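First, one chain by itself: the form predicted on its own, in structure tokens.
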């Protein structure tokens, strides 16, 4: 698949989920680098930078995308030959994809260890990392059940309940607005993340913050499953994570909207959950309190604010 096709599928949400977007972006850069004809080092670097911009323009919120691109193209400008630059992109992309896959496996182990026999887990959207922990707990022989949300307007919850059903996990499927009603039946909340800020706030699928608030009110723990490359170092310098808004046609058809001239439709894809409503963030590096997010950025993303230019 061409890089432009991958970018289009990310933009239109055929490829979705922060982890999958990151892996597909890295692989697209690798494949693009391998497909380019020899034209000299300068032309190769220029084209790879252009390719990076194409990918980065697709989804503004998931920091896994720019992190994956930056990791894949790290050191490219320092290469001395075109062949060296091409090999560098391939090796770094392959390493990132492998590390991302292993990260989910490690996160699953930690999440599963926090799921006890007999628990009911509430989850939201279709996070591979969050689901991995639930599936592993089932594989370990724990008798568990799940409450899964619908996730309007794209209904990603349908993907989640199909996976849970395939693994014979008893699941209750609810509309998003029923979260507070069913929170009393949950023992634990596990969600994914598209981004984590320096203060430990979590950017995730719209509706996550109200779930966390309901859990806080009900004194239920909230566990966030997030690979280290979903942390956003630039937030330490005051940068804000842009919250993507998608076309209003996903909420109301153009025909319906045309008959409502005084109605404005808003369709934000993500919201921000404050760290005070999050009990723990589980990464492949271990489980941390939200307040320790900076440590992840420094130790695993090599973030040094003294070297950054805001």
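Note that the structure is a prediction, hence the values are computed from the model and not measured. Residue numbers count along the first chain shown, from 1.
The following text describes the form predicted in complex with a small molecule, which does not appear among the structures shown.
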- Query: Closest heavy atom of residue 30 to the small molecule in the predicted complex, within 4.5 Å or not?
  - Reply: no
- Query: Is there any non-hydrogen atom of residue 13 lying within 4.5 Å of the small molecule in the predicted complex?
  - Reply: yes
- Query: Is residue 290 close enough to the small molecule in the predicted complex to count, meaning some heavy atom within 4.5 Å?
  - Reply: no
- Message: At 4.5 Å between heavy atoms, is residue 72 in contact with the small molecule in the predicted complex?
- Response: no
- Message: Heavy atoms within 4.5 Å of the small molecule in the predicted complex: which stretch in 166-174, 86-94, 212-220, 189-197 meets that?
- Response: 189-197
- Item | Contacting member of 106, 152, 128, 138, with respect to the small molecule in the predicted complex [4.5 Å, heavy atom] | 128
